[in-house]
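We begin with a single chain expressed as structure tokens, specifically the form predicted alone.
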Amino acid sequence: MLNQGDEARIERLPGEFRERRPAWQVLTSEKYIKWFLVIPLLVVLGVFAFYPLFYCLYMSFHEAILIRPPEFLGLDNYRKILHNRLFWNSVGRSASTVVVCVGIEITLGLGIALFLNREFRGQNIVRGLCLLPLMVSPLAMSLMWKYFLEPQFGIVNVMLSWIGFSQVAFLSESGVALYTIMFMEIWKWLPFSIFVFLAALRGLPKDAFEAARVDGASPWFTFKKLTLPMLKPFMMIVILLRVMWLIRLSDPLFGTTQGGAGTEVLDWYIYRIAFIRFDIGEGTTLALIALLMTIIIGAVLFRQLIKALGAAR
């Protein structure tokens, strides 16, 4: 059997001295097998990623309503969207949702993780209960909270009436509905932050904290100078993932407001234009703009993650 060196020497020989090998043996040789194995992945990416992306790019330059053939418009869709007040309002709501949800999830997640990192009776039961929201599917979660927050018979308004407060239309009042959606999203994904930080706290080196304790450092000083800097890479991971997910926020709206009462965030605005108005041209343009915004934000956050990882070493 020929080894790799023998095959290389045979390849350098003139054609008339080479031994002819079957096509299958040539294709499965080390020179070609790596490309042969990549072909299925390229096919999958081409069908499910590259073709939809380029088709969206093509349709974004057209006026494409389902009832008539596409008509080339050039950059008119982009100009129309960038001068559309509804688009910028949806971007503003998405930005507010990202800032509020990520800020609260980081703060509460870290605080609860610090509490769960202590040894106490029933800690495993408490950790299991904290994990429950992650086990609920997003649509089931939105329907559950819709019934909990129902103005007349929902358990939340019933409890408010017991203590003397008036009923609140959590999902239909314009100034309240968006914050209710934020609360639902925080309730759903707070356990993610908790258990990322809890795993990070469990993995921190003990020697540095023991040395600080021996030197008489206060708990706040130890937290500020040791714990927080060591947890910064994990904070950036949580921020990066949650920002990417929140930009595509739409699940809580399906079972509750359907984008009404001032809750139409960017992803739902794209859905309404493309699949309710059936304006495929404007919808694909919106999707590409949202993709570009996501890539830019993700690149900035990823650079900060790399810096945090480098500083933690």
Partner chain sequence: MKKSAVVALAVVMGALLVLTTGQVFSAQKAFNLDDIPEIENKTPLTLPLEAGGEEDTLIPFVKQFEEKTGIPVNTEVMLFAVMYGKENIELVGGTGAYDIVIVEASWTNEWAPYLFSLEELAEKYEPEGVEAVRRDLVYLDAGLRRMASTREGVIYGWPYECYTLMNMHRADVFEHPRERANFRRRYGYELAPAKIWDQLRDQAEFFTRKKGDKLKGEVLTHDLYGLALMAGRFPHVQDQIGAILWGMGGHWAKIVRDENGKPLGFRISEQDKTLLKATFETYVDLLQFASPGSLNAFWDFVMAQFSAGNIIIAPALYDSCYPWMSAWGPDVGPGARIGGAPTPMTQPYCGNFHFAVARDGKNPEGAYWLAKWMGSYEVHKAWIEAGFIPSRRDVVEEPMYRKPELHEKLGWIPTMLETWDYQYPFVNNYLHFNSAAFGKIYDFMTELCHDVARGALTPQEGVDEWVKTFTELQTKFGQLPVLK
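Numbering follows the first chain given and starts at 1. Because the structure is predicted, anything quoted here is derived from the model rather than measured.
FYI, the form predicted in complex with its partner chain isn't displayed, but the following is about it.
Trainee: Look at the candidate spot formed by S90, T97 and D267 and say whether its partner chain comes within 4.5 Å of a heavy atom in all three of them in the predicted complex.
Mentor: No, none of the three is in contact.
Trainee: Looking at heavy atoms inside 4.5 Å, which stretch does its partner chain contact in the predicted complex, given the options 167-175, 106-114, 217-225, 130-138?
Mentor: Looking at the partner contacts, the answer comes out as 167-175.
Trainee: Is it the case that K34, even though its partner is missing from this view, gets within 4.5 Å of its partner chain in the predicted complex, heavy atoms only?
Mentor: Close contact is absent here: in the predicted complex, K34 is far from its partner chain, nothing within 4.5 Å, heavy atoms only.
Trainee: State yes or no: in the predicted complex, is some non-hydrogen atom of L86 no more than 4.5 angstroms from a non-hydrogen atom of its partner chain?
Mentor: Yes, L86 lies within 4.5 Å of its partner chain in the predicted complex.
Trainee: Taking 4.5 angstroms as the cut-off for heavy atoms, does F275 touch its partner chain in the predicted complex?
Mentor: The answer is yes: F275 has a heavy atom within 4.5 Å of its partner chain.
Trainee: State yes or no: in the predicted complex, is some non-hydrogen atom of L45 no more than 4.5 angstroms from a non-hydrogen atom of its partner chain?
Mentor: L45: no contact with its partner chain in the predicted complex.
Trainee: Select from the listed residues F72, F153, F120, W162 the one whose heavy atoms reach within 4.5 Å of its partner chain in the predicted complex.
Mentor: Selected option: F153.
Trainee: Looking at K146, K188, K232, R242, which is the one with a non-hydrogen atom within 4.5 Å of its partner chain in the predicted complex?
Mentor: Contact check passes for K146.
Trainee: Going by its partner chain in the predicted complex, which residues of 240-277 come within 4.5 Å of it through any heavy atom?
Mentor: Heavy-atom contacts to its partner chain in the predicted complex: F254, T256, T257, Q258, G259, G260, A261, G262, E264, R272, F275, I276, R277.
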